[in-house]
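Coming up is one lone chain in structure tokens, specifically the form predicted on its own.
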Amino acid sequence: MSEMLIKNATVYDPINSVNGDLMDVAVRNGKIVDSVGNSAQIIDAGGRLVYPGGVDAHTHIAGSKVNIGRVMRPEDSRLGIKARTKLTRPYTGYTVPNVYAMGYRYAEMGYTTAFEAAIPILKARHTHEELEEIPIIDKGGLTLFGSNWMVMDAIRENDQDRLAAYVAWGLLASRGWGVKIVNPGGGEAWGFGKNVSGLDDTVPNFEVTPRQIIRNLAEVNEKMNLPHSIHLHCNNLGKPGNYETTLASFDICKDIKASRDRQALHVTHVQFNAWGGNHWGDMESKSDAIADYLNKNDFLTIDMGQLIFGSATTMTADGPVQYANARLLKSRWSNGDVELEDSSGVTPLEYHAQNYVNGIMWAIGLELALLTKDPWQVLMTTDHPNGGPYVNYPQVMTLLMSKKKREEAMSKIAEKTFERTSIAGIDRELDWYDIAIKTRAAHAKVLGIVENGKGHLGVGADADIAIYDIKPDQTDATTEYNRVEAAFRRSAYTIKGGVVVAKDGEITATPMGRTYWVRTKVDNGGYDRMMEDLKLKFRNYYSVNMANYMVQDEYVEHPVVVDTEYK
């Protein structure tokens, strides 16, 4: 039996409504408990800031797209190098680090859980091979369904039981946690060099629309009682004027009742989908319209997709947008067709502060977080590595906490940015409690993993804890932002499952994390119809045999399986 007592901690635990209380945190055998014995290991926090371990609900850390990024960017692999030690493997890379650096760097910042946001079923084995190699952190993944032939056929034939049976089978086959929808229908259209331009366009050869895909998957998601809502990457990402499509996409799920205590819809990296104007010359922020919608509706959540100036490697199942990026920016480009399932693309690029389009994007991410009143509705992300690498989260936290920090940043950004955005006039500064919500509590709630002990420090929770070298009662984050950013960058202690895995920003232990996935029982006639159709597609179209397709248990060595049932 192992016991630990963290004494004199200034705790912010929003899920349990703990707001800066000075208290002790007791740990036994990797879980939070009420009390421990006299022989427990003691860590005296000395009044320093204590959060639950950080949770990242949307990041790209594993899979073929990440590997393609590594292959395309040999120059990136020469950044961030840190030699191996007796404990750690070598670190390499900045925007697309190696698998070891992925886990180490999250842990160094006090993060203990991260979810890969796009797993094509066909390539899920590879994704899990990489996830298994990422040390320390717990993981999960969202499975792509938005341009899948099986999905669109079932929707066209108005067979929701069959659709549910396929989603359940796809989550099992990919060992996935939730339903990801990227540019619904657009990935399939891209196979013919086309795209969909709106929610009511017809997907070639399938006679269904993006609106039908979103609506049917959202309904099935709730009937399956999945822990997470659908996770939507909207149509028309990266195009001036796309905010209208985004708002219309929100409305599709407005009357859907969530089956659990969470949102019915999560829309991701909305910074890329809150653009006004008709072309690049008149592009402007429409974050005010998005925030106004959020302020009037509580059935949905979003994440920021904050832009970080500098190098990024964009990667997505939205193949058409990557082609457009590559042509616009004369950048390298990789594109892929995931048989019968989706498309993909990777494009390296640089975000420049003196480019007003990039400046507007930078401002939009912050505006979304600051103009939306309820901090639970907007998660802090960079859509790693699309908006920028996750290692820059401490910078984003301080931008949200300090207007002075924002003004300092704005002094280096193209002036035209501020004619097209409202960021310069926003006075709001988030506090320690808000940051705890935006970096761990809301992520855990949105993903549906609170009941699995994530994102909080209540009795029975996983003992995932971050201690930062900050005394909140003696620190003014609005002016001392450099010191706060440094503290968030290197946690004083990161504790994962009751084990100290990082101290003063250095890795001290490398336990393997667990992988969360969902198994749903679908006991209806739809399953037989689905299997008949699936076997036919494998015979006629797939280049792999069905027997070689599904992720086997051997690929997920430390699973946490959550069972649900379709009703």
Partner chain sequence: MIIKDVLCPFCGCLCDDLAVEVENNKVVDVKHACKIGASKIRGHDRIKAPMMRDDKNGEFREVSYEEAINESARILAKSKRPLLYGWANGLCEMMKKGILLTEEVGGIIDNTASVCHGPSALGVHEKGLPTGTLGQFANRADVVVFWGCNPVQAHPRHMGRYSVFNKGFFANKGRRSRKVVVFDVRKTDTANLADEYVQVKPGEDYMVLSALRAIVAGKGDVVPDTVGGVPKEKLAEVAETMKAAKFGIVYFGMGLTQSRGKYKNIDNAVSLITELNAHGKHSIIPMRGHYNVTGFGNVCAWETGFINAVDMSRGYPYYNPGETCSNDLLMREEIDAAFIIAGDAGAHFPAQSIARMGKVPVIQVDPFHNPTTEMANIVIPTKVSGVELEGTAYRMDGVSLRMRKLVDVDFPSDEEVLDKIIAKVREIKGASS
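Residue numbers count along the first chain shown, from 1. What you see is a predicted model, and the numbers here were worked out from it, not measured in a lab.
The same protein also has a form predicted in complex with the partner chain, omitted here; what follows describes it.
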If we define contact as a non-hydrogen atom of the residue within 4.5 angstroms of the partner, is Arg70 a contact of the partner chain in the predicted bound form? yes
Should Asn38 be classed as touching the partner chain in the predicted bound form when contacts are defined as heavy atoms within 4.5 Å? no
Partner contact for Lys223 in the predicted bound form: the partner chain, 4.5 angstroms, heavy atom: no
Just to confirm, Ala289 within 4.5 Å of the partner chain in the predicted bound form by heavy atoms? no
Since exactly one of Pro394, Gly277, Gly238, Gly191 fits, which has a heavy atom within 4.5 Å of the partner chain in the predicted bound form? Gly191
Only one of Lys403, Arg89, Arg260, Arg420 comes within 4.5 Å of the partner chain in the predicted bound form by heavy atoms, so just point that one out. Arg89
Given 95-103, 167-175, 299-307, 136-144, the stretch touching the partner chain in the predicted bound form at heavy atoms within 4.5 Å is 95-103
Would the partner chain in the predicted bound form be within 4.5 angstroms of a non-hydrogen atom of every residue among Asn158, Thr202 and Arg519? no
Judged by heavy atom distances of 4.5 Å or less, which residues of 317-351 approach the partner chain in the predicted bound form? Tyr323, Arg327, Arg332, Trp333, Ser334, Asn335, Gly336, Asp337, Val338, Glu339, Leu340
